[in-house]
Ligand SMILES: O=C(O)CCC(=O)C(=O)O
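Given next, in structure tokens, is a single chain: the form predicted alone.
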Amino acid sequence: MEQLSLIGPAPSAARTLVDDASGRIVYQPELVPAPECAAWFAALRDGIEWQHERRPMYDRMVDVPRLTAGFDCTGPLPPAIAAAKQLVEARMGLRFNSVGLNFYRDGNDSVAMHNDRTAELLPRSPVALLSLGETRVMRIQSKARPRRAIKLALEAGSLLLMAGAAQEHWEHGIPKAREPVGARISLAFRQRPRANETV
């Protein structure tokens, strides 16, 4: 998985942000044409049963500042997710069995710095993040000091690939926006182990 990259033709050149022993992070803008972006966004915004989660933090329960949903890709999928999965898999030349969705309703919605839980993924398997809706800035930073930091505007129709050891050495998050911003939906495609697989 270390050398995994995007394959095949694409409308815009991919940007390699990290490619070393700490992992591989590649940003591909304009993977999905604008009409499909708009149609998929509307279908997911209006057709998904979004969850409003609460989580313990210190000594109290707090609202998760975004809406979430998730699907096992081995079963039937909503048409927009199935189409997005097919496109992402064709671009990357591999298969995913799980997709997690985040719905950022406005600039007040966010996700704290984190890495995907490696215990829930096949070892060093890629995570492919597809963005729909308004552009939001993602912060990516190394865990090791001195910190290496990247600010990346995730545009509608873009794909962010995090592969190899990236989840072990890098964190990512979507901070609250200082300026007014519209809604964004992200689809995170992952490879999770099955019940009979060991990690």
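Start at 1 and count along the sequence shown; that's the residue number. Keep in mind that this is a model prediction, so the values were computed, not measured.
A second form of this protein, the form predicted in complex with this ligand, is not displayed here; the remarks below concern that form.
Student: So, A14 and this ligand: in the model of the complex, are they within 4.5 Å at any heavy atom pair?
Tutor: Because no heavy atom of A14 falls inside 4.5 Å of this ligand in the model of the complex, the answer is no.
Student: Contact with this ligand in the model of the complex for A80, defined as at least one heavy atom pair within 4.5 Å: yes or no?
Tutor: The answer is no: A80 has no heavy atom within 4.5 Å of this ligand.
Student: For E89, is any heavy atom within 4.5 Å of this ligand in the model of the complex, or not?
Tutor: The answer is no: E89 has no heavy atom within 4.5 Å of this ligand.
Student: Heavy atoms within 4.5 Å of this ligand in the model of the complex: does R190 have any?
Tutor: Yes.
Student: Any idea which of 90 to 98, 103 to 111, 70 to 78, 118 to 126 reaches within 4.5 Å of this ligand in the model of the complex, heavy atoms considered?
Tutor: Comparing against this ligand in the model of the complex, the contact stretch is 103 to 111.
Student: Is this ligand in the model of the complex close enough to L154, H172 and S186 that every residue in that trio has a heavy atom within 4.5 angstroms of it?
Tutor: Every residue of the candidate spot has a heavy atom within 4.5 Å of this ligand in the model of the complex.
Student: Name the single residue among L31, M138, A166, V26 that comes within 4.5 Å of this ligand in the model of the complex, judging by heavy atoms.
Tutor: Selected residue: M138.
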